[in-house]
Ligand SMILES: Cc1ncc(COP(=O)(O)O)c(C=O)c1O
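Read the single chain below, which is given as structure tokens and is the form predicted alone.
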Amino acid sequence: MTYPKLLVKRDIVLKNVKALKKLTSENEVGILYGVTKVFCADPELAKIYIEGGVDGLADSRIQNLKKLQNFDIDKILLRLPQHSEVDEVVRYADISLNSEISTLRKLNEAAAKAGCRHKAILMVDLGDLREGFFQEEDFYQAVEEVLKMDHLILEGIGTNLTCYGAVIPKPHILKRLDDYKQGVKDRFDYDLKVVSGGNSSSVYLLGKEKLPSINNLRLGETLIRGTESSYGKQLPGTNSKGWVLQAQIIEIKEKPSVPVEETGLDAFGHEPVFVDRGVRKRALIAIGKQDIVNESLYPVDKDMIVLGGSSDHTILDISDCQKDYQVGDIVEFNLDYVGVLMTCTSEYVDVEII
């Protein structure tokens, strides 16, 4: 056995996906994109999404979408395309999110060269201040030009909230998507197929508010952990403990809680703060900040305290634990979304689906 290891409980993840597919469908959100970037588009995990009923696989990176090409399902590029990758975008993604007319022109050229038609969702910025057209006229000018392109299909519109500005999706904010959709209909006599109302932060509205015109959500955290990301609430019928990190103890020693000499900056350039609890039993485990941040670790043993760490080590206080831990023992942690993302990305953490 090799450690550290991320155990993925297949039944829990599948249950979460099915629960969200049911919830979105019941609330007239008929198109569900499963975001695969959190697990680097591992094909075996993508199969769970597909079995659970997602309508497309969405990722921020072309490198990940390449891994999904054998699946007969829509592939969506979430991050705005780079000019340098348009040829690969039209090859490996059926749909991409866009907010720059210069990029749309290059996608049209790339699709013409490839002899295909590529679908574009135009993103509008509703105040979170990440990607998207901010001025309405800029958006409508882009619509007008895309509709004249021979190798692009205007698939729909979308928005992103909470990821940068932490703006919580509210009905009056999302209503603007309805206004944009109607504006496209009024100005160009064109019906948009997709109105994408955001990510896991919009899920809290399902069952509470009627989402105007929205028929698509792009979900990652909610499928992975069953939590919506606006308020962190667990959704009915889901489970957040489908991802368990295992790490091995490599040292156990009794040591003071506070360094014994003058301190400066740690390995990451920060000035650490210590709580003096006296002499405590401490355990080192073989995983560190190169793989995961301490704030994302939630010990299964509730008496264990995560003290901190360095690039390759995490330090635990095990003084109050009922178990008599020994060097070589395996300790387990539940993870938040960031923890799953980081451990899946680290080449030093093995992933095992059970």
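One rule holds for the numbers: they count along the sequence shown, beginning at 1. Note that the structure is predicted; figures quoted are calculated from it, not measured.
Here the subject shifts to the form predicted together with this ligand, a form of this protein not shown in this document.
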Work out which of the listed stretches, 258-266, 212-220, 231-239, 147-155, brings a heavy atom within 4.5 angstroms of this ligand in the predicted complex. 212-220
Name the residue from V35, I287, L316, L65 that puts a heavy atom within 4.5 Å of this ligand in the predicted complex. V35
Name the single residue among R130, R176, R105, R117 that comes within 4.5 Å of this ligand in the predicted complex, judging by heavy atoms. R130
Does L97 reach this ligand in the predicted complex if we count a contact as any heavy atom within 4.5 Å? yes
Even though the partner isn't displayed, in the predicted complex is A93 close enough to this ligand, meaning a heavy atom within 4.5 Å? no
With a cut-off of 4.5 Å between heavy atoms, is L245 one of the residues that contacts this ligand in the predicted complex? no
Neighbours of this ligand in the predicted complex among 159-194 [non-hydrogen atom within 4.5 angstroms]: N160
